[in-house]
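A single chain, nothing else alongside it, follows as structure tokens in the form predicted alone.
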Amino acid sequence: MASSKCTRLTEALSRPLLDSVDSVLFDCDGVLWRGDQAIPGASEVINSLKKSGKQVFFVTNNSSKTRQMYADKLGKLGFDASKDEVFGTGYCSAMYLKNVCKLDGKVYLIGSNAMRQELEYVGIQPVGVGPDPISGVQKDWANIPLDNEVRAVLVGFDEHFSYMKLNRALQYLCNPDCQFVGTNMDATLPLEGGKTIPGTGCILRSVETAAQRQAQVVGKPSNFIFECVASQFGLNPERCLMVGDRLDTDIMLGSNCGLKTLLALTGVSTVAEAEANQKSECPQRQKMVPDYYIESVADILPALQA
């Protein structure tokens, strides 16, 4: 561990850090790639870690792909990866509804076809995927027909999100017994060329505002997404490193779960933000201070090749 937090990870510090862990968890967007372009050198780092005997996992808040779709993308970009090593919020939300909520019924899904597949994979039937065009007048909207077998509302990334979907979610959530789950609160999604688009957090906040209820969020920084990995692979938190580009999700997840943390500066958060958190007396902001930071994950490659 660094003697003080928020330490630049030099080549000399990289080897002791890597020797201190058995498993490395990587965020994807902004760490391994931006959009459809891999971060230069990132695949070599992943593949070298595996060759050296480390367990590697891909932990993403993005719910727009299934685990298999992520494994396929990783493979196309040169990463050695399998479906079982991928933990996206679509899959983890399905596991949460099945194993924690013990859901007995259908789910109204604001989300993608990929999320539908992950729910069906664990035996949960979703409704609502795809466009939901508006019709009628306001009185009709407040009395839309609902599926009486729906027992939960799940909100993830949905390119078809609309006023009618927001209204339908509200009508289901008026029932206090209806479970309310969200994949993540990421406000933006980084793309290549420094561009960003609105993320799932924008959609989930609007549903929370309409329903006047707070969702149980499954993705980072919630402990549940790490527990999904740890329970399946028997991980020791003290021997794990979390690598991410966001202080409020990746680094806070590491802090919440007792992992070592490394901030990659190829995505959303900056060193200045981390240092401002370090100077703060707010306990929550202190959790958003990484042990180390690095310009790019590719910068640890020399230590791996030494």
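Note that the structure is predicted; figures quoted are calculated from it, not measured. All residue numbers refer to positions in the sequence shown, first residue = 1.
Here the subject shifts to the form predicted together with another copy of the chain, a form of this protein not shown in this document.
- At a distance threshold of 4.5 angstroms between non-hydrogen atoms, K139 is in contact with another copy of the chain in the predicted complex.
- Contact annotation: N148 falls outside 4.5 Å of another copy of the chain in the predicted complex, judged by heavy atom distances.
- The closest heavy atom approach of A210 to another copy of the chain in the predicted complex falls within 4.5 Å.
- At least one heavy atom of L191 is located within 4.5 Å of another copy of the chain in the predicted complex.
- Interface residue among N167, S231, Q216, N223 relative to another copy of the chain in the predicted complex, by the heavy atom within 4.5 Å criterion: N167.
- This chain is drawn without another copy of the chain; in the predicted complex, the residue among G75, G130, G105, P198 with a heavy atom within 4.5 Å of it is P198.
- Per the 4.5 Å heavy atom criterion, another copy of the chain in the predicted complex is contacted by stretch 201 to 209, the sole one of 106 to 114, 89 to 97, 176 to 184, 201 to 209.
- The candidate site formed by I134, E159 and S162 is fully in contact with another copy of the chain in the predicted complex, as each residue has a non-hydrogen atom within 4.5 angstroms of it.
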